[in-house]
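Only one chain comes next, encoded as structure tokens, the form predicted alone.
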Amino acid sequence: MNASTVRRIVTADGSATLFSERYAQAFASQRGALAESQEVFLGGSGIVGRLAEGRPVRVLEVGFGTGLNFFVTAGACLAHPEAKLAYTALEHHLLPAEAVSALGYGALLSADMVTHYLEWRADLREASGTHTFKRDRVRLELLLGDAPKQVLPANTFDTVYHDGFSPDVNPELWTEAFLGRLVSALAEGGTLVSYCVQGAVRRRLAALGLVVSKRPGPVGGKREVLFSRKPASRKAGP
């Protein structure tokens, strides 16, 4: 995505995000970008407990965007000495390093992680393919290109952050076929969380076997957000 097609905005909680002129939508909630990341995705997914226990966590994100969800999750991982994070993100067009740098996330989150990511991003010239960033106990794998065409391993991820643009402007990320691939990629007991609570999306996830509900959104933010879980399979008896 060209830097000229996005502009910086400050959200209600003081954190910044970008507004896409192409999609006429912000990359994060204008009512609070940082609050959305911390509460809807990190907190809402239930992986905070796994990190606190020092267990490895595997995250799949749809829509890497500014990287805010990654930075927040990486910071939570590094707060616990034994925890490890493997973070896979799907993104069609990676933002330029200077556009992300202008958001000032290093002042709000792990400055070391943000700084090293920006240095790595500045040296990355490929517009498609798979690219890996490593720092401490955090591994980021970026899959660049059309998300529905990416190959995802089955039964792998502890949570899916679905943070793509809305179904109104990015419908290919919310089809039953694509959601089915996300559900397949979830490990048993894994969660899929999103800011989107459209009835059609909830019905598709339920039809794919997830237990779906709406939960209260962040204070001052969206009234409701989506939470869903992949139940454990029932093993046949003797």
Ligand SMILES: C[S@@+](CC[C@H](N)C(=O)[O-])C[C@H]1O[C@@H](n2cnc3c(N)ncnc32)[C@H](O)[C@@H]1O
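Note that residue numbering follows the sequence shown and begins at 1. Only a predicted model underlies this, so the values are computations on that prediction, with no experimental measurement involved.
The form predicted in complex with the named molecule is left out here; the points below concern that form.
Asker: Using a 4.5 Å heavy atom cut-off, indicate which stretch of 144-152, 110-118, 76-84, 123-131 touches the named molecule in the predicted bound form.
Answerer: That would be 144-152.
Asker: State the residue from 208, 173, 201, 42 whose non-hydrogen atoms include one within 4.5 Å of the named molecule in the predicted bound form.
Answerer: Only one listed residue qualifies here, and that residue is 173.
Asker: How about residue 68 - does it come within 4.5 Å of the named molecule in the predicted bound form, if we only consider non-hydrogen atoms?
Answerer: Judged by the heavy-atom cut-off of 4.5 Å, residue 68 is in contact with the named molecule in the predicted bound form.
Asker: Test of understanding: in the predicted bound form, would residue 19 fall inside 4.5 Å of the named molecule by heavy atoms?
Answerer: Judged by the heavy-atom cut-off of 4.5 Å, residue 19 is well away from the named molecule in the predicted bound form.
Asker: Would residue 92 sit within 4.5 Å of the named molecule in the predicted bound form, counting heavy atoms only?
Answerer: Yes - in the predicted bound form, heavy atoms of residue 92 and the named molecule come within 4.5 Å of each other.
Asker: Counting only non-hydrogen atoms and a 4.5 Å cut-off, give the residues of 149-170 close to the named molecule in the predicted bound form.
Answerer: Residues within 4.5 Å: 163, 164, 165, 170.
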